[in-house]
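Just the one chain here, laid out as structure tokens, in the form predicted alone.
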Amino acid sequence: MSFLQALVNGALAGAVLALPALGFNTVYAVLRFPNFAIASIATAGAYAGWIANVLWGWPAPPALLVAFVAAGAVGATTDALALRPLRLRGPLTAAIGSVALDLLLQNALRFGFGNDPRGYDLPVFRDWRLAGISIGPQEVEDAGLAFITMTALFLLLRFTRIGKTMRAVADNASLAESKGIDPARVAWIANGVGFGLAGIGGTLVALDTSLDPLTGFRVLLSIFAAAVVGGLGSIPGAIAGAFMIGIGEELSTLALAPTYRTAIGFLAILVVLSFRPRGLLGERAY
């Protein structure tokens, strides 16, 4: 694989990785703890998208909306039922609880859908060739849908009342509450939006590969690494971190076996925490 080919592959992968990383940071910015259940919730959204695409016959874009709604509903509901009581005991307790919740959801998906890989009903096209670089049409479509979703999130946060309340709670929850903003309601919204983004991201990952109960778990380290590198709680930081991790993982295959690409996430976390603990773009940057 050439350097340019790896660079293009990494950029396309980073665009898709940015969505669950955005979801992770959206939840963290408002609730102030890392929710690792995002892995299985992203997978749940991917299964909802699969149902819409394969069983209902819907094309990919509306199937992504189904994935958004389903993952957002699962994320908001499980947080309210399982994690909200734990948040009162501190972020570490809530984070550990989210790991247990992820395992529970993962096994629920395994019980409901089985372990066999599933594929989406999509047309197959030959790769495009440009200056010796091979580009898959599905990967380009996935990246385009990811950019549309990212743009919608920025518009939501910048110009809507819901987005402004989320930003207010993320900046100072106590001050926002004194101004009449209900933190519990904002938590519901943040979970719905954040895990909805994860559901779209999980679907896009599965569109390019295949779907099984571990689809989200396989990219969990990359999601977390992107969030940490960009800055926990930072929306633009999640995007920057996702592209850095996506490109870094692909470039690593030029020198290392593909089985070692996941080590890039660990390395990135160690380097960033050593020299810039708050991440490249710090906290609560919008």
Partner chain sequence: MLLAAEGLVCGYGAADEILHGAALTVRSGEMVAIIGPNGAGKSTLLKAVAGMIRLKSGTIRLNGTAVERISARERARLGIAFVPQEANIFPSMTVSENLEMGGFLEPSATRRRVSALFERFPILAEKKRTTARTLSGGQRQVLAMAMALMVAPTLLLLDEPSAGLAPLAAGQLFSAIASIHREGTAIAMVEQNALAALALADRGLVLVDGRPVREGEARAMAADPEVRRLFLGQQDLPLAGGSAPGPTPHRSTAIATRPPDPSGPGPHPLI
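Numbering follows the first chain given and starts at 1. All values derive from a computational prediction rather than experimental measurement.
Keep in mind that the form predicted together with the partner chain is missing from the display, and what follows is about it.
Determine whether any heavy atom of Arg89 comes within 4.5 Å of a heavy atom of the partner chain in the model of the complex, and answer yes or no.
Arg89: no, not in contact with the partner chain in the model of the complex.
Check whether Ile181 has any heavy atom within 4.5 Å of a heavy atom of the partner chain in the model of the complex, and answer yes or no.
Answer yes; at least one heavy atom of Ile181 falls within 4.5 Å of the partner chain in the model of the complex.
Just to confirm, Thr165 within 4.5 Å of the partner chain in the model of the complex by heavy atoms?
Taking the distances in the model of the complex, the answer for Thr165 is yes, it comes within 4.5 Å of the partner chain.
Would Arg32 count as touching the partner chain in the model of the complex under a 4.5 Å heavy atom rule?
Judged by the heavy-atom cut-off of 4.5 Å, Arg32 is in contact with the partner chain in the model of the complex.
Of 134 to 142, 150 to 158, 207 to 215, 117 to 125, which is the one stretch near the partner chain in the model of the complex, taking non-hydrogen atoms within 4.5 angstroms as near?
Of the stretches listed, the one contacting the partner is 150 to 158.
Residue (of Ala146, Val74, Ala170, Val193) lying close to the partner chain in the model of the complex, criterion heavy atoms within 4.5 Å
Only one option qualifies, and that one is Ala170.
Looking at the partner chain in the model of the complex, which residues in 234 to 250 have at least one heavy atom within 4.5 Å of it?
Residues within 4.5 Å: Ser234, Ile235, Pro236.
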